[in-house]
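Only one chain is included here, represented as structure tokens and corresponding to the form predicted on its own.
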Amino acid sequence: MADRGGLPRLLAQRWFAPTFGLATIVAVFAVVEALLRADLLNRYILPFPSDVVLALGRVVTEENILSRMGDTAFEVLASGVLVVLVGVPAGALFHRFPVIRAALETWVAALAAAPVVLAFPLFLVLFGRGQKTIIVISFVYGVAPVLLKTLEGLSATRPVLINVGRSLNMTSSQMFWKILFPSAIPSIFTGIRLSWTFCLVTVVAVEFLVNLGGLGQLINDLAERYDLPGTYAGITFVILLSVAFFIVLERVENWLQPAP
């Protein structure tokens, strides 16, 4: 008799998801390679994936990639930490005082959709041509998702939990730290992941535009040399940096809210 639980157990294996994801990426690369060699895709826009893989080593050895990744990672981390330190308390403030929420929530949502990166000349005048400008622009771009998702998570706390807290005569501080905040952690971390994605995109974009250090400058340099495999290899390192940040955030979320 067939084991009907075999497939669910296979899917539940911790190694299955990353292995399947890696296999999917390899399959997509193989399809793109085949389409390029068949002249069905423009090889002057898309390089051969095999050339990009070979360019990864060249970028590491010739372009000081680790130092550039360190610069970009520092800028993302600095702006991301500022986003959390400002966005989470601000979201809690909006939840605590409905008047502030009614007055400012729409403006914060509008900020999330605003093309702030286009104002980088103004930030250059205010903060100079350096890392401070990149961090400030990224912070402005990333703070809205954290604030709004914090507000959403706190507002979505189940009434039964709040009633339990009131029945135990909890203070406002106890109600927040023992009921509201733990309940809102998944929503808060959704906002943090979104905001850190915005921060990474903004950091690389400003580095590209201002030609100031980091992976963005490297991608700009390689594109100006018309080194397509190297350019896509630089983009690959941006993706790897994003994956690393996501893994760290997932670990922190699991630490703050262990699975039952």
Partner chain sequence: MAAARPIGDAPEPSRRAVLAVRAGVAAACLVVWEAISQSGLFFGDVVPSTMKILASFWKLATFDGFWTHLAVTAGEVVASVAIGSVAGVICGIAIGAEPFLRRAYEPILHYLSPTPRIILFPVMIMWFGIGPESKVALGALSAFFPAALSTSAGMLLIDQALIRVGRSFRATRWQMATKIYLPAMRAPVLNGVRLGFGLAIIGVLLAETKLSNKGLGFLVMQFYSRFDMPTLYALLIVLFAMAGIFNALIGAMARERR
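Rigid core here is just the name for the largest C-alpha set that superposes within 1.5 Å across the two forms. Numbering follows the first chain given and starts at 1. Values in this document were obtained by computation on a predicted structure and should not be read as measured data.
Quick note: we don't show the form predicted in complex with the partner chain, though the next part is all about it.
Novice: Select from the listed residues Leu54, Val31, Val60, Leu46 the one whose heavy atoms reach within 4.5 Å of the partner chain in the model of the complex.
Specialist: Looking at the other structure, the residue within range turns out to be Leu46.
Novice: Which of these residues, Val108, Val88, Leu124, Ala78, gets a heavy atom within 4.5 Å of the partner chain in the model of the complex?
Specialist: Selected option: Leu124.
Novice: Does the partner chain get within 4.5 angstroms of any non-hydrogen atom of Met175 in the model of the complex?
Specialist: It does: once the partner chain is placed as it appears in the model of the complex, Met175 has a heavy atom within 4.5 Å of it.
Novice: Although the partner chain is absent from this view, report whether Val201 comes within 4.5 Å of it in the model of the complex, heavy atoms only.
Specialist: Yes, Val201 sits close enough to the partner chain in the model of the complex that at least one of its heavy atoms falls within 4.5 Å.
Novice: Should Ile162 be counted as a contact of the partner chain in the model of the complex, where contact means heavy atoms within 4.5 Å?
Specialist: So Ile162 counts as contacting the partner chain.
Novice: I'd like to check something about Leu35: if you look in the model of the complex, is any of its heavy atoms closer than or equal to 4.5 Å to a heavy atom of the partner chain?
Specialist: No, Leu35 stays farther than 4.5 Å from the partner chain in the model of the complex.
Novice: Which single stretch, out of 142-150, 67-75, 80-88, 115-123, brings residue heavy atoms within 4.5 Å of the partner chain in the model of the complex?
Specialist: After filtering at 4.5 Å, what remains is 115-123.
Novice: Hey, which residues along 200-222 are within 4.5 angstroms of the partner chain in the model of the complex, non-hydrogen atoms only?
Specialist: If the 4.5 Å heavy-atom criterion is applied to the partner chain in the model of the complex, 200-222 yields Val201, Val204, Ala205, Phe208, Leu209, Ile219, Asn220.
Novice: Taking the rigid core as the frame, does Gln217 move its C-alpha by 2 Å or more between the shown form and the other one?
Specialist: No, its C-alpha moves less than 2 Å.
Novice: Would Leu228 count as moving between the shown form and the other one, using a Cα shift of 2 angstroms or more after superposing the core as the test?
Specialist: Leu228: C-alpha displaced by 2 Å or more between the shown form and the other one.
Novice: Quick check on Val32: with the core superposed, does its CA move 2 angstroms or more between the shown form and the other one?
Specialist: Where the cores coincide, Val32 still shows a C-alpha shift between the shown form and the other one that is 2 Å or more.
Novice: Closer or farther: how do the CA atoms of Glu250 and Val201 lie in the model of the complex, compared with the form shown, if the change is at least 3 Å?
Specialist: Distance between the C-alphas of Glu250 and Val201: shorter in the model of the complex, by 3 Å or more.
Novice: Check Ala114 against Glu250 at the C-alpha atoms and report closer or farther in the model of the complex, compared with the shown form; the change is 3 Å or more.
Specialist: Those two alpha carbons end up closer in the model of the complex.
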